[in-house]
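In the form predicted on its own, a lone chain appears below as structure tokens.
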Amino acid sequence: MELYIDRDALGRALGRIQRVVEKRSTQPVLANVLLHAREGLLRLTATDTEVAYIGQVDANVSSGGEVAVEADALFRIVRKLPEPTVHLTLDDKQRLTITAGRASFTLNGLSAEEYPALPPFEARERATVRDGDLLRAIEQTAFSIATEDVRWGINGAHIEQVDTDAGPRLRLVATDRHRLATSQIPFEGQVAFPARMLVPRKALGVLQNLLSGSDDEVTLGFGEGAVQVRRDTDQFWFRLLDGEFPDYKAVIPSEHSHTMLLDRAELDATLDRVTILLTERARPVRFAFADGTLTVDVENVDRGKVEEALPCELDGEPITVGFNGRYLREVLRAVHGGRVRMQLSHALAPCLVTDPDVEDAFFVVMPMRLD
């Protein structure tokens, strides 16, 4: 194998696979990226057997070939190369030499036959979405996926189709039982989701790294227990989790007697300041809503007290509620508009959080008891 390739293009492709490869796996081969050179292209494949990525980069290929090399090492080498054109050569002992200008590195590789083959994938249905829409949906939900819960049903994001006045939408839902996040996007095509449609956290992280926020089309292929994502020359495949997502609609408030409207950035900045004195993540922040003012305060017996007031429009009687400040801040960062609306029926009821000007996402935050 011998080829010349652009350093930055190769670096971008290697950067995309860093969240796919398994650096600490019991199978060392999974820490490698499979390079396959053919006429005009270098194809890169990475997998941990649950998720897989295939990308390609234009290259001037003198002779084709395949080799698997350590993905992290190759990525770090390419990023440090001094010249924009990279020369890759492979000898008969599976050693890959990377040369650019006066710098030259050699990595010991493995035969392509030792790299695990990707399972066949057959899409039963396909849907097309916009790159930017899918990226937004992931950003608005992935933070709510449970990270340490043994209940597999909430260790991934649920996907379903919902019908709206504007037409059918794909909805992502995630929860860790302390907060719930949903986001929906338009799509074209036909989909019929199985009862269990759980996307792993890792798959969403890889997807988030692949997407650019553009108007480019992304194709989603739904197969038996797996999903394939195609964007331009990139392909991404992942297995679905085997778990049943809870009935999330049961916690969405259907009635409310208190509606608060606030400036989102002001509330986020206020929470950033008042939580300085919090030493325990589980301690609540006190929110005292009144017409015209929200007073937010934290009192720490050992460290002191902080209080801040900001403008608030209140529809209903004054109410005092406790929230986990970190959880609420993560929800605020997922609301993209300038204002945020909070609605609840009483101090211990689930709080519905929305952008009053946009209907494509909503969030639920569970309150906390105040001492």
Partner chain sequence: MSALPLLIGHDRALAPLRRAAREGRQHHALLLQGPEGIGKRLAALHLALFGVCDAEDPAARPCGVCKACRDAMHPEHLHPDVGFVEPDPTKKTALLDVGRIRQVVSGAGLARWRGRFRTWIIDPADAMNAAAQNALLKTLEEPNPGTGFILVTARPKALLPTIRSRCLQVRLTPVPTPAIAQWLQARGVAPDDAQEAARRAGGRPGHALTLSEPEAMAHRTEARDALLRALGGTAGEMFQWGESVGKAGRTAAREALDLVDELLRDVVLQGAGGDHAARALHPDLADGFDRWVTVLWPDGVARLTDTVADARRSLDLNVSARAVMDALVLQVAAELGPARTALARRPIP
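In this text, rigid core is short for the largest set of C-alphas that superpose within 1.5 Å between two forms. None of the values given here were measured: they were computed from a predicted structure. Numbering follows the first chain given and starts at 1.
The discussion below concerns the form predicted together with the partner chain, not included here.
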For this session: Would you confirm whether the three residues F287, P356 and A361 all fall within 4.5 Å of the partner chain in the predicted bound form, going by non-hydrogen atoms?
Result: no
Exercise. Looking at 313-321, 66-74, 331-339, 28-36, which lies within 4.5 angstroms of the partner chain in the predicted bound form, counting heavy atoms?
Worked result: 28-36
Exercise. From the list P84, G213, P246, G225, which entry has a heavy atom within 4.5 Å of the partner chain in the predicted bound form?
Worked result: G225
Seminar exercise, completed: As a check of understanding, the residue in I252, L261, A269, L118 with any heavy atom within 4.5 Å of the partner chain in the predicted bound form should be identified as L118
Exercise. According to a 4.5 angstroms non-hydrogen atom cut-off, is R171 in contact with the partner chain in the predicted bound form?
Worked result: no
Exercise. Would I185 count as a contact of the partner chain in the predicted bound form, using a 4.5 angstroms cut-off between non-hydrogen atoms?
Worked result: no
Exercise. Given that the partner is absent here, does W237 sit within 4.5 Å of the partner chain in the predicted bound form, heavy atoms only?
Worked result: yes
Exercise. According to a 4.5 angstroms non-hydrogen atom cut-off, is L241 in contact with the partner chain in the predicted bound form?
Worked result: yes
Problem set entry | Stretch 36-74: residues contacting the partner chain in the predicted bound form, 4.5 Å heavy atom cut-off | T47, T49, E50
For this session: Establish whether a shift of 2 Å or more occurs at the C-alpha of E113 between this form and the one not shown, with the two forms superposed on the rigid core.
Result: yes
Problem set entry | Large Cα shift (2 Å or above) at L34 between this form and the one not shown, core-fitted | yes
Exercise. Is A68 one of the residues whose C-alpha moves 2 Å or more between this form and the one not shown after the core fit?
Worked result: yes
